[in-house]
Each structure stands twice: as C-alpha cells, then as structure tokens.
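First, one chain by itself in structure tokens, the form predicted alone.
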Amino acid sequence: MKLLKVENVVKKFGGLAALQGVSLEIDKGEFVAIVGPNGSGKTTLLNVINGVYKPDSGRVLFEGRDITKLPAYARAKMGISRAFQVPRPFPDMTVLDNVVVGALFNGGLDLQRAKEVAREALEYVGLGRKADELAGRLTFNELRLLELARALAGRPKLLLLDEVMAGLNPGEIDNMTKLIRRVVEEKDIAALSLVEHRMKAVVQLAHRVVVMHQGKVIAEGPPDVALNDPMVVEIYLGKPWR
C-alpha cells in the first residue's frame, strides 16, 4: 500500500484548468521532486494534497484512506506536514516556542512533551543554540531551518517541501540538501518537494522526478531519465540535463 496516492485529480479556477487529471504515488522513505515551469500546477497540486484546495474530481488517498474531503488540519494530524516557501514565524516569540506551536498543533502532544519534541527538532536542523532567541532575529537561512524544524515537530509521515531552497546561496543549498537527505533516510519519512531551478539538488536528492506542464504530468522517472525526456528538454530545460 502506497503512503500517498493522487488519482486523476482535476482542479479548475474559473475557466482555467490548473490540474488536468494528475496522478502520482509516493511511498514511505521515498523522495519525489515535482519540477516544471511557473504555472505548471505544482503549487496547486501541493495545496490539493494538504487540503488547502478540494479537487473538482479525482481522489487523494493517504495510507489507503480517502482524505479528499478532509480539511487541512485533519490531514496534519494524520501525518502530513508542510514547510512553506515563505517562512512566516511569530517574530516576537522565541525560536523554541515557534516550533512548540507546530508540535502542539500537528503532533497532539501535551505542553511538556511538545517542548521536548521541539528542542529535538531544533537540534536536528542545527538551530539548538538559537532556541531562546526571538524568531524575528534569525537570518533568512535560519528561518528556512526553523520552518523545517516546525514541520518535523509535527512528527510527519509525509513532508511537503515548498521551494525550501529558494533564495539560499550555494553553500546553504548544499547544507539543506544534506539535511533533507538525512531526514528522509534516518526518519523514514516520505518527502514531496516542489523545485523550479535547483536541478543539481534534484539529482542529488530525488529517487523520482515528476515533471509537470500546464497542469499535466509530462514525464516521470529517475532524475536522469525524467530530466532528459525530449519533451522536458524542449518545454522546460532547453537542453539535455547531461
């Protein structure tokens, strides 16, 4: 049984079909990258998976259960966590308390246990020394790590990563790549990540790549296969990956 199955999902906004019969699967311990140009439907797909949008047709199944009509908070409690592209912490709260919020909301823990889980998450991403600082004083890279720690504090089975490397410098991207690989391998968490331009990170991280264009999946497979698909090269990359 696959951890997540998206079956023939259609999502329209007025006359625009943002998703046109999209299907994908992901298993525990697997990293899948979704790539494609702006407007290809990547973010809409992530929003359908975590319950921000309800599809017009099709289904979303998690651990064999149909969650298509469940709200986002219910999916979070089932083990679907999301790290957003633009971190929006509570700037006047400590770094620790920001992560405690995630542990309480998603993890169903009492306050004492939530604090323990939050500290563990901060240590894991390398922010343990910043626990008692105000979140508003963190650097952009540290805010990315805080967002990841908050998502991990919810003890997810599926981690949705929304352009978590956007805006980072090469060294920070390398560190984030290694950290996400550790998360997937050591915690046996499935990860589904949106990527636009960081193809090197995709090849280093992903077990599979799903390429989207105009609301459809146009290629899927191991990174070297999917990124060298003739249609992907023509529509998205402009030249073969290797």
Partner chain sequence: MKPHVPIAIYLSLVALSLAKPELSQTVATVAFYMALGQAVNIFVGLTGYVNFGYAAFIAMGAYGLGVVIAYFPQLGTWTLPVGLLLGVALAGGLALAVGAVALRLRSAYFAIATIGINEALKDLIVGAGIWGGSSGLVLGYNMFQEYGRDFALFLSTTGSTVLILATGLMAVAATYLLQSREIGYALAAIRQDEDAAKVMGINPAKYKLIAFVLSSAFSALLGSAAFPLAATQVFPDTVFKVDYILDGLAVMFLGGAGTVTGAVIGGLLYVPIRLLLGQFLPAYQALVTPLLVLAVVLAAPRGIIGELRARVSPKIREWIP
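Since the model is a prediction, treat every value here as computed from it, not as a measurement. Here the rigid core means the biggest group of C-alpha atoms that line up within 1.5 Å when the two forms are laid on top of each other. Residue numbers count along the first chain shown, from 1.
The discussion below concerns the form predicted together with the partner chain, not included here.
*Asks:* Give a yes or no on whether each residue among Ala72, Lys77 and Asp92 has a heavy atom within 4.5 Å of the partner chain in the predicted bound form.
*Replies:* Yes: each residue has a heavy atom within 4.5 Å of the partner.
*Asks:* Within 4.5 Å of the partner chain in the predicted bound form, heavy atoms considered, which of Leu168, Leu138, Val117, Val101?
*Replies:* Of Leu168, Leu138, Val117, Val101, the residue with a heavy atom within 4.5 Å of the partner chain in the predicted bound form is Val101.
*Asks:* Asn50, Thr68, Thr177, Thr43: which sits within 4.5 Å of the partner chain in the predicted bound form by any heavy atom?
*Replies:* Selected residue: Asn50.
*Asks:* Do Asp162 and the partner chain come within 4.5 Å of each other in the predicted bound form, heavy atoms counted?
*Replies:* Heavy-atom contact with the partner chain at 4.5 Å: absent for Asp162.
*Asks:* Give a yes/no on whether Arg82 approaches the partner chain to within 4.5 Å in the predicted bound form, heavy atoms considered.
*Replies:* Result yes; Arg82 sits at the interface with the partner chain in the predicted bound form.
*Asks:* Is Asp97 one of the residues lying within 4.5 Å of the partner chain in the predicted bound form, judged by heavy atom distances?
*Replies:* Taking the distances in the predicted bound form, the answer for Asp97 is yes, it comes within 4.5 Å of the partner chain.
*Asks:* According to a 4.5 angstroms non-hydrogen atom cut-off, is Arg88 in contact with the partner chain in the predicted bound form?
*Replies:* Answer yes; at least one heavy atom of Arg88 falls within 4.5 Å of the partner chain in the predicted bound form.
*Asks:* Using a 4.5 Å heavy atom cut-off, which of 203-211, 177-185, 35-43, 50-58 contacts the partner chain in the predicted bound form?
*Replies:* Heavy atoms within 4.5 Å of the partner chain in the predicted bound form occur in 50-58.
*Asks:* Between 143-169 and the partner chain in the predicted bound form, list the residues on our side with a heavy atom within 4.5 Å.
*Replies:* Sequence-ordered list has one entry, Arg150.
*Asks:* Has the Cα of Pro71 moved 2 Å or more between the shown form and the other one, judged after a core fit?
*Replies:* The answer is no; the displacement is under 2 Å.
*Asks:* Once the core is aligned, please say if the CA of Pro91 is shifted by at least 2 angstroms between the shown form and the other one.
*Replies:* Pro91: C-alpha displaced by 2 Å or more between the shown form and the other one.
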